[in-house]
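Same chain, two forms, each on its own as structure tokens: structure 1, then structure 2.
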Structure 1
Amino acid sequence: MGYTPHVMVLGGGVTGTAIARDLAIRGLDVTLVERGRLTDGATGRMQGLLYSGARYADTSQPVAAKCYDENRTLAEIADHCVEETGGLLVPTDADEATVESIVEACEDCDIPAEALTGEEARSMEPALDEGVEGAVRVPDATVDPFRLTVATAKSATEFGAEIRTHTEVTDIHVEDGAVTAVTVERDPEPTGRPHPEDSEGATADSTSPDGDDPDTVPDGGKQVPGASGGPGAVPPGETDMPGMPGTTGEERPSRPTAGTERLEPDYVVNATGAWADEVAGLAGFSFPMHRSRGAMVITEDQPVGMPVSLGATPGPVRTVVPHGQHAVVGATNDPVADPDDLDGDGDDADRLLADLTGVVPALDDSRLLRTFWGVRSGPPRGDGEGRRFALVDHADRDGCWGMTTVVGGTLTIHRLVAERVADHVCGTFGISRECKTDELPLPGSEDQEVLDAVMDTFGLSSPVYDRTRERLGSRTPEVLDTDGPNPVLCEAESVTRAEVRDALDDATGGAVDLNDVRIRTSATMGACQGGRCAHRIAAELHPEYELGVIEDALDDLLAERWKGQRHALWGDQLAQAARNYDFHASTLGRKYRFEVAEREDSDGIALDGFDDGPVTGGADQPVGWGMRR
């Protein structure tokens, strides 16, 4: 059989999972570790816009061509994650490009594009302002980054990879000029590490993929003492390596215990995005990175039917991206030093809305559900923007064999970046195997034509089934085929019990994390932000888990929902938050932890915290307060 290298991938975003999938498909043993849940980094805080490359056509045609090729590839292999809406680019006075020059450049790149007058653009997208004089119709699309990442991770496990979430890298060991081991610390019952920002769907792919040169990061990394070059591309001896048990997701995985573990992979790929320099620093390496913060806002309604981008060339751009029943409005672009300190004060969101309401006036009347901030990163350039992806082999740069770091790139080209990384890793071990990720469909995208025939089988109304099918693709019949009742647990997002149970059973690493269920199903992402459904989702943990574990998981889910709401609390959304509090603090008694009722010196829940309800007919009674729409 020969020697099979064991590769450890650090980072559970869309790029990290794609690297793990590519390497596993090529037959390597793969372990992926992520300190939080999948998509916890930049992937979970983006706008979900799948670029066509048209924005780059006027300035960098090779970049534009790559984007369009990957746009088409993802539409083929992940069609249940991609909605081919098309999009509009609206040039501004600050753009050097014009409608005509963009269309001409797109033709040179074989990207279909159409010049539109203002009237033609409004007939296609009625929400556009009367002042818009022209636009370019382009094949942009929307993509669900959560669904895409989870499907990619699931595919990786089907090819034998192991995915460990809530597992943080605490040390990378270097001996005699080579990476020899990685120490990780496992949290088996996470209650959620504090994120100053929310992980809700979606940052624009702010960095253009205009480079795949592995030398784009400047020299100057720390030389490892005693290093005289790595051991080369010859794999270590035939020593016993940690086994790589695979899982198909059909059985609930065993739950690892807490504690520290030392892993000894043959090779390490650092794909931790905006945290890449910090992780590389654990091995003694350093290199500069560019980071910026982007504010985004989620609206309750969907003011546009297709992505509308204000700004038609690379650089800061404002976009309204429809997703399901909502829209994600973004994004600002401000430098930031610490990727864990992104939370803004709301002023940047105000700037964002002020810019876009001039193009989409309906945003003025939209109810804002939440505000969140994402982080963009990449290797620095002369203009301070990280617009490339860079593959850094630390054997070449730092004289230390056994580790490669990848930085930059975008969701649109993540599969291509993963292919380049997998090519490099395989080449390091003298393995010659072709990439197949551009042709193998992700789980859920294999047999879309069979879905329409099974709706009646499971007794779901058309809207609920349609939403479920959008999320699960061809896995829909498998997930919905349950013996017991299958009620809708989250009405706003049409999530049923069967889908929640599937997400719990398929949770990577077996951690008790309702936010993992959220990113897999969209439950609690509707207008109530979990106010009316979070407790139902938590109830699905009973009776397998003790009450304390369930309470902590529910607390974590509600805290994650609150973080993005607090910057959008006015008008109807303030009223919704007040109703949520009344429901959870009073009706559900969550103002008092369950331990209060169990203490020997306690009289139980303080029932005097409940009132007698509203007094009807009183002159001073605020009738219908907070219920206006």
Structure 2
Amino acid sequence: MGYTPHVMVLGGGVTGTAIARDLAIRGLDVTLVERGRLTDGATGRMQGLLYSGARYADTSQPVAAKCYDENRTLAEIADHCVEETGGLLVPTDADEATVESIVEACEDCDIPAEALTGEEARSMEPALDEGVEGAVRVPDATVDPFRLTVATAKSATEFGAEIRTHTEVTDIHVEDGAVTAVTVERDPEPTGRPHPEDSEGATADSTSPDGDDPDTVPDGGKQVPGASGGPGAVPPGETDMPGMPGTTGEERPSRPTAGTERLEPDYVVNATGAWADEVAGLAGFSFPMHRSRGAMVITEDQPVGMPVSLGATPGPVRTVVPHGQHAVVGATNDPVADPDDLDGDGDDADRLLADLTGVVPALDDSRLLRTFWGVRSGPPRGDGEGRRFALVDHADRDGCWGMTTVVGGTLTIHRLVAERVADHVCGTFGISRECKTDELPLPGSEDQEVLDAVMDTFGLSSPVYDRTRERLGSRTPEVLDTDGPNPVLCEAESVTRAEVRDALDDATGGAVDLNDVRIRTSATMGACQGGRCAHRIAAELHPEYELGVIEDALDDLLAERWKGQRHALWGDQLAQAARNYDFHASTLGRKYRFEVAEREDSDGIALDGFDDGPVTGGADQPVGWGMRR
């Protein structure tokens, strides 16, 4: 067996995981590190629209054509993460483009598009305003970014890649004009780590996967999972837990422990999205980047049946994207310098709705669950849409061998971006192996439960997918079949006590973060946004944790939920917030707290002076405890 380069991929967004997958399929050794969870960056903070490319057809033909190609490819290889809803583009008065010109431009790029009269458009999407005079039907689709990324990560691990979450790159070492090592810091909080029992015997177990193996990769590349042989190929068994560090069977540590570690890969790919310049800065490189913040709001209802986008000329996109029973409305576009600058303005929601309610009037009555923000990034240049991408090989740019940074792109074209990166890396090592990611389906499309299990492994749950299915029906039996009663703690999202405990079990040790339980289970993400259920989830921390810790964890969770709500509070959601406030302040008495500390010398608070109730005792009193013995 020849020399196999070890490539380190930085960043666990959709781009990084796709690069890891592509390289692993081509037979390279891959380690991906992500400082938080998978999807913590832009990938978990976007609109979930799988662009058809039609919006760019008149201004940027090659981009549009690529976009449509990728849209089709993802619908093929990730059909379980994509819903082919079709979509409508509604030109506005401000647009130069018209229905006709868009359709014409689409034809030039081979994007199937159809001109619709207002009436035809309304029969397809009854939510459209009476005033809409025409629209273009385009092959937009919706995509679940959480499941897409996790499915990609699973595939990567099946081909031998190692994925380490909660592992942050803190230094990149350069010596004699080459990148030599990367220092990572492992978060002491092991959340997101696989269950201990899963790590045992993972490599020993070689149950073969279910029948229909895809073709093997030619040219000495790794073979697909389950096919025997192949250097580093991992036979994933039923009990194998992908994503497990160490499943490659090579000499890497079987589980990263807390603390700092120095890795010496042969090559580094920096795919840290909006943080790419920051991370490259660790090696002393610098390059300009464009960043803009996008605000999105989540509606409790689903005002539209298919994505409806406003405006055709590039500029801020305004789209209503249906997801599960909800919709994500977005997005604004405000330049920001700092990738962590996520706190937008109070009028973000108003700006979104102001433009959209003219076309989808029902949005005016929609209950807004919350606002959230994401940061787009890309190479600097005018339009700021971030849909262009660029590879920066630091050998060319900075005269330093061993690292390439990728910036920009969209989720829609992420696979193509990854292909280009992998081509480039392979080229650097003189490896000529074909890209296979456009034909090998992602795991889980046959059997959703496979993906559920991996979502659990990575400590994620998808707010999109979880409510489009009989959620409890497809949970793993271990989570549901408990001996005792397993009541629902979060009604809106049907999250049971066992699921919460399960999520907590994975987080033993370090700091308690109920937000983590939320992300794992989707609890508190429904209409009440935690007001009615957060205290129940916090109660599950008892008795393992101290009382003060439990109270703080509850406060933190409620604070996180409040952060996303308070900017768009009116209508039903303000009514809900008012009830939540009453419940916590009055019924639970959580607004003011007794000063207990000062009374440490005494045996507790002084009760003298308060009403001690109607006189009981005497004849009224039950016979008394003495009789019970």
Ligand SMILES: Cc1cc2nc3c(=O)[nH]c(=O)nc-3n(C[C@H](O)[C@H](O)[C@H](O)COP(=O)(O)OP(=O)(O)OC[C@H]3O[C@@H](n4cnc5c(N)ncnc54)[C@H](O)[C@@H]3O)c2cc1C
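The structure displayed is predicted, hence computed values, not measured ones. Each form is matched to the other, and the largest set of C-alpha atoms that superpose within 1.5 Å is called the rigid core. Every residue number counts along structure 1's sequence, beginning with 1.
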query: Identity of the form predicted together with the ligand, given as 1 or 2; finding: 2
query: Post core alignment: residue 413 C-alpha displaced by 2 Å or more between the two structures; finding: no
query: Large Cα shift (2 Å or above) at residue 31 between the two structures, core-fitted; finding: no
query: Threshold 2 Å Cα movement between the two structures for residue 155, core superposed; finding: no
query: Angstrom displacement of the CA atom of residue 543 between the two structures, core fixed; finding: 12.1
